[in-house]
Structures are given as structure tokens and as C-alpha cells.
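Two forms of the same protein chain are encoded below as C-alpha cells; each is given separately, as structure 1 and structure 2.
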Structure 1
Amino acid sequence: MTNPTVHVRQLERYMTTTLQAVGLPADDAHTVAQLMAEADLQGSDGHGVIRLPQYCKRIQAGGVNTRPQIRVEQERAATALIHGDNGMGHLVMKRAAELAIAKARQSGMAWVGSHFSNHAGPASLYARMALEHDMIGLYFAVGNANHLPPWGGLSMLLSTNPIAAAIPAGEEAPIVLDMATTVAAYGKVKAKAQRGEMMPEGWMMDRLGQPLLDPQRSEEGFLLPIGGYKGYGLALVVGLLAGTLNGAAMGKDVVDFNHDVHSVTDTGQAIAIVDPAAFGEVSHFKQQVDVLIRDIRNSERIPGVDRIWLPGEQSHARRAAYLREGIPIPSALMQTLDRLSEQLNVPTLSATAP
């Protein structure tokens, strides 16, 4: 039995209606829904429509400001600090990305940070905004729940603080990296638990520092950072750049938004945009990116490996397929969404016109 599929516009329309029903203004609901649908379209299915019930719950609980005054608090030629006024993170980071792109066009590059923002979906969504302007996007965020202790420690003072980078190519698909600083994201642990599978060694450890393999016991352990102390260092630095620098929550002040729908998260994020035109001919740069991509793709493979992928290439292909064939929605998720629609008295996803 394959999962039912929905058209991206259908998904977008459904989420717009739902977000309006819990109190977002029409324009804002549409912007958030568009970005969430884009997350599903690129295959970041842990950050798209699956988050809708949680977002609605938080909005209904008053944990998100539905009429935020998102504003530039500090500004220089190449920097800005945006106060998100506890609005939906998607609105805050879209504004931040647009401002950074405009500034980079003038100054060659720009760095825009946020505080009092909220969860904004997949990191790559905002880094990718640079691509249509032939620019490079980098994105850093403080994750919305701490799952990572410092190296050698047991207190969960760090999140999986993600990094994204989007780099335009010429004829090839752009290079898009979107990674948590832990070996596995928490969503992957949950998926293993649902399928009744064990985790490979290296994903998690227990409170004695021993490998934890049973995902059912994940609450007793911790995610492990990539490269051991290196990933710990990366998670910390990303948190300092995206959180502390912006005066946003970091470390023990991070609110676990999975378990607390009321408290202001004071989420910090940062987007950096670099304009390749400030370093030379853009067409030449994109051509060189193509050369590198092809050298990598066509290079010798380990016996048994069918293909060497570039970061973002599979996601790019998936996006094209989902645009043609629709986005698959697992039936368990569809049931959850149907219950939400019933509660809010809005049309279900299936009943929304494609």
C-alpha cells in the first residue's frame, strides 16, 4: 500500500486555512504555509506539515505572538539584528534572509541574526533563498530542544544546532548542505523506535558513556556529536553565533518546545549571505562549481557503491519528482491531520482542492 499523495498547492492551501483558523493573519498564514510546504517538497519531512499540529497547539496556547512587530533593532552596512517579537520563526527568518540578500548586493556579504524568533523549519530553506540571486547562503540556528551534553558530560546543555549552506552551480543542481551537528537527528531515533529497529553504535550513549542501541530507551541517553569533541565544538560555536551573539536563548535557557507550548522560546538564528560577484565573474564561479561537481560524481567508487551524490542532489531530485507526482503523506500523519481539522472545524487535507 503506497501512501496517498497531495499536490504542493493543495498542501499549502490546507495549511494556510488551518493556520488562519488558529489566528494567524491571512498573509502570514500563507507565507508560513508556503515555507512549510517547501520543506515537504524538498523531502525535509520532519520539518513540514508534520509540525502543523505542534505549531497550532503552541499558537492556541498563546506561546506564539500572532501579531508580531518584527523589526530591525541594530543595523550596519553588512549586519542587522532582527527582533522577532515571538512571531512564527518562518516570518522572522524570511525577513532576515531578504534583508541579508539586499545588504550583500551592496556590501558583498551580510550577516543577519535574530532573537525572539521561533522554530523556522529546515535550515536549508533559508540558505537556499540566496540561490535565485546567484548568491551563497549560510544558516545557523539554535535548536529548539537540548539533546546534546558537552563532550564528557551528562547535562543536556546543547541542541543539535544545525548548519546549512547553499552554493549556486551553473547547469548542475546547486550544492545544498543541511546538517545537524549530531550523528543522528532526534527524528531518526524516533523513526527507528517506530519501526522496532535497533540503532547503530555511534548514534547515542547512555549515562555511563556506553553505547545505547535500543531507541525505546532513548530518554535514558544522549545523542552523540559528529566526530566526538569536534561536533561538540561545532554545536557550541553554532549556538554562540546564532544564539548568544543575538542575545537569544542558549545553553540552559533553551526552551524545549516539544514539552512546553507556553514559554517564549527566544530562538536565535543567523543567516550569512555572500555575493560571488564581489570575488569575480559569477558565471565563471558557477562553471567551476559545475566542474567540481562532475569531477566528484564521475570519480572512482568503492566497490558496491552505485553513485556518488553531492550534498542536496537527492533532495533536488526528490523535489522535482514530488512536483510531478505529488508529496506522499503517511497514513498515520494523515489521521493526525484529520483530527486537527476536525478540532478546528476546517476542511481536511484530502478535502482541500488541489
Structure 2
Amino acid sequence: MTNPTVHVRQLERYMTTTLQAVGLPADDAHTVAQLMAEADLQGSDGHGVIRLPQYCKRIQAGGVNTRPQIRVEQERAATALIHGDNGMGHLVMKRAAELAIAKARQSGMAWVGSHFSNHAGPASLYARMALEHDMIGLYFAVGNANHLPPWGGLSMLLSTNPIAAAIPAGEEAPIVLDMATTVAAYGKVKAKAQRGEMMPEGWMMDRLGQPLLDPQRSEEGFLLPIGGYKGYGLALVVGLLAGTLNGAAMGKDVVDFNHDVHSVTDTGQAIAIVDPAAFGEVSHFKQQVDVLIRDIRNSERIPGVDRIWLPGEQSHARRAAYLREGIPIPSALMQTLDRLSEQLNVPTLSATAP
């Protein structure tokens, strides 16, 4: 059966109305909804509307501050630390990205960290904000639940700790890398469970060291790091930069927001912005990125490989397709959203005007 599709503006309006119903001010609800809809539009389906019921549950339980005083706590010419006041992570990180871009324009590069934030969706949302200014964006975050033990261990002391990079190009699509430090982000596990699908081997392992394929049993095991022990090391370093450096939760202090809807998560994130103009002509840099992209795309392929993809190309193509054809919403997710609408007495997604 074909999944129903919705227009991105329809999805955005629905989420704005729903977030307002649980207490977010209109402007904040719209900002969060825009970023969540953008996540679905680029194909990050583990971080878009699928998260809405969970966000609403945390807000209703008092786990998120609906009227945060997001503020700069420490600042130098090229750096800042933002206190998110336990607001929605999307609001905190949009503020952090905007500040970092402004600082990079003056200093050539900037680093802005945050603490007392919350889950903010896919990492690439914020790295990509630099592209509108012909700048390079880098993003780091501590995940909102520990699903990764140290290499060789069983204690869940690390999370997926994502990293993203967005690099502008000229005529080609920008290079956008968005990855968890685990083979799969936990949001992808949740999306598989929502759709009733099994996970491929290599995503998770049970506590006896056997492959775990059923996403409904994900709590019986743990995610696997990319590249074995190297991925574990990368997850640790990203956590130190996004969490420990900012005085945010890391290691055993990370709150599992999947199960605890009341506690302050104190999520740590960081964004770094580099202005290529500090190193030379931006147009020349972008031309050279184009040359490299074409060299890679046109390079010799293994037999049976139709195309070599660059990071972000498939998301770029998916975004164009979804703008044309609508964003597919799995039937099981649509039913979950319908129940949420009924609980909150708001129009359903299908009844929301595009």
C-alpha cells in the first residue's frame, strides 16, 4: 500500500498548530515546525514529524521549558557559550548558528557552544545554515540517550553523538555530510520500528554479541560504532567537544529522553563556522569544490556500480522530489499523529490545509 504524501507547508502548519496546543508561543512553534518539516523534506525521517509525539509528551510533562530565556552566557570575539534555559533544541541551535555566522563574518571563523539545550533534529539543519552565506558549517552534538558502550564494554556511556559538515560549491550541489558516530542513528531504529521493518545486520548487537535485527527489541542491545574502535573514539571526542567543553551532560549524566519525560536533559551542542573569504576568493574556492566533485563523480567505478554519489547529493535529490510530489508519511505514523491530534483537539495532518 502506498504511503500518503503531504506538502511541506501542510506538514509545517500541522506541527505549528500542534506545538502551540502544548504551550509553545506562536513564533517559537512556527520556527520549530519549519525546522522539523525541513528534516522530513531532506529525507531525515527519523528526526522530523516522527518526533512530534515525543516532543509534545516532554513539553506536557514539564521536561521542556516553553518560555526559555535563551542567552549568551560567555563571549569572546570568535566564540560564545549559549545557555538554552531548557528550551526546544531547535530554537537554541538556530540562535547558535546565527550568532556563529555573524561572528565568522567578522573574525573569519567562529565556534559557539550550548548547554541546557534539547534534541534539535538532524545535525545538517544547522551546518547547512552557513551555506546561505557562502560559509562552511560544522556541527557536533551529544545524543539524547546513551546507546553505545565504550569499545569492548557493555555499559552505555556514549551516544550516537552526531557530526555534520556543509561545504558550499559553485554550480554543483553543496557537500553535506550528516552522520552519527554509530552505524545508524537511533532515530533510524525508531523509524524502522514505526514502519514494522527489520534492521539490517550491523546496526545493533545484543549483550551476548549477536546481531540484533528487530527494532522492537532495541533495548536489549546497543548500537555499533562506525569503523569499530575508531567510531568509539570519534563518539568520545565529539561528546567532549559538544558536551564536556560546554559544561553539558556527557557520559553517565546523559538523560534518556525516550523514557524520562520530566528531567532536564542539559543537552550539549556546538557549531563552528568558517568563512572561506578569510583564506582567499570565495568564487575560486567554490570552483575548486566543483572540480573535485566532478572528478570524484566521473572517476572509474567498480563493475556494477551505476554512480558515485557525493555526501548530500541524495538528500538534495530527495528534497527536489518531495517538493514536487509531497513528503511520504508511513501509514502507522499517520495513525499515531491522528491519535495525538485527537488528544490535543487539533485538526489532523490530513485535514490541515496545504
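Bear in mind the structure is a predicted one, so any value in this text is a computation, not a measurement. Structure 1 provides the reference sequence; residues are numbered from 1 along it. In this text, rigid core is short for the largest set of C-alphas that superpose within 1.5 Å between two forms.
Source of structure 1: the form predicted in complex with a further copy of the same chain. Relative to the superposed rigid core, E197 undergoes a CA displacement of at least 2 Å between the two structures. If you fit the rigid core between the two structures, you'll see the Cα of D206 move by 2 angstroms or more.
Once both forms are fitted on their core, the CA shift for F257 between the two structures remains under 2 Å. Per-residue C-alpha deviation between the two structures, core superposed: K188, 4.0 Å.
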